[in-house]
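What follows is one chain in structure tokens, specifically the form predicted alone.
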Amino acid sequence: MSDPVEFLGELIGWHDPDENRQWVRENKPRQMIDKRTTVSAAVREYVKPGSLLAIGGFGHIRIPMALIYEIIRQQVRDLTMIGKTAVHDIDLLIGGGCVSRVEVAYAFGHELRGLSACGRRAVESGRVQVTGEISNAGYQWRFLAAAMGVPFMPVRTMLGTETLTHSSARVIDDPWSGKPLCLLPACYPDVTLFHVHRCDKYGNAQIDGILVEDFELARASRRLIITTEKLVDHEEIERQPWRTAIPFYLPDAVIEVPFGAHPTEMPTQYYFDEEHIAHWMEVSKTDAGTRAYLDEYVFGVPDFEAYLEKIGGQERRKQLERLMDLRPKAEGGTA
């Protein structure tokens, strides 16, 4: 038998697969219906206090920032956040007082830019609780289990690590080899936010570049809100259907938001706004600076379009597009 392990992580996001299947049958229509709406209406309809929130993209790439600013603007509280590769998104949501709990795979840092002063301050003060830990691969497999409709995914990751003891996983003996296996529980987020390159009004969404775990996450989540750089005709989707990462029967809301990932990068479209990210990292070192940032860029503007005007409008957008064009191209495509 495997050695007993004391598991300290709280189980979040798990549902009996049959119960979730019934929920999907009752709440997710299969017809191709027009799902166009606005950012404010989508957040008001689907992002409820206490929800388990997941966000597509990864790191500072392809993050649905228009939706994140709107959640803060609407002051949605007590969210539990899935911290799979959460950096700028979770930092702002914590600063806005929206997140009270997080399960961590990768969070509280801004990658090579440095540590997250805002998020770390919230955890150290007790304003935000870390419910458990997991690896990035572990999260992808939790989403895969949910997408497959099974209660867990057997893997060999995290065995022999302290991450395992702080997770909600379990360890059993493989009935054939007798070796230990880690069972990762399925995870069904209440609502997930995505920003994509193009989408039709029905919710058929295409993503250029690496998907990371967005394929599995879209199929694991109960509610999906999609913002898109460009709303296209369904005929354009049909011309290259193999590029559709998220099919129409999964999303609940679709909104066209050009530059909707700013200040993060949208692959092939525009580069990171490093100056704006650096500004946030500097001012968010204090609670007063965090409030001042939110007052200027979130509460001080009515919507994301006004935010884009405030950060420099068309001139700044063209600069970031040019920076993307200057990136070295890998053989056969973009770097």
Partner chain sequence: MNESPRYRLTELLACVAASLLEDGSSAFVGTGFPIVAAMLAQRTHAPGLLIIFEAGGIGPQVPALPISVGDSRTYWRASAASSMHDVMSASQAGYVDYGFLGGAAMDRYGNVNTTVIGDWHHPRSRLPGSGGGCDVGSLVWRTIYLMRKQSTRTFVDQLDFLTTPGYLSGPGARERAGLPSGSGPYRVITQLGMYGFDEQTRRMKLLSLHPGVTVEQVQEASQFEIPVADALTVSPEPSDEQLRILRQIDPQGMVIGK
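Remember, predicted model here, so these are calculated numbers, not experimental data. Numbering follows the first chain given and starts at 1.
Omitted here: the form predicted in complex with the partner chain. The next part is about that form.
Interface membership of R327, defined by any non-hydrogen atom within 4.5 Å of the partner chain in the predicted complex, is confirmed. P175 falls outside the set of residues with a heavy atom inside 4.5 Å of the partner chain in the predicted complex. Interface membership of E236, defined by any non-hydrogen atom within 4.5 Å of the partner chain in the predicted complex, is ruled out. In the predicted complex, the partner chain sits within 4.5 Å of a heavy atom belonging to I61.
A single residue from the set A117, A147, L211, V232 has any heavy atom within 4.5 angstroms of the partner chain in the predicted complex; that residue is L211. Of the candidates L92, L79, A253, A105, A105 is the one whose heavy atoms come within 4.5 Å of the partner chain in the predicted complex; the others do not. Highlighted residues S51, D190 and P241: none comes within 4.5 Å of the partner chain in the predicted complex, counting any heavy atom. Comment: 213-221 is the region of 242-250, 68-76, 213-221, 198-206 lying near the partner chain in the predicted complex, near meaning a non-hydrogen atom within 4.5 Å. Residues are counted as partner-facing when one of their heavy atoms sits within 4.5 Å of the partner chain in the predicted complex; in 272-291 these are F272, E274, in sequence order.
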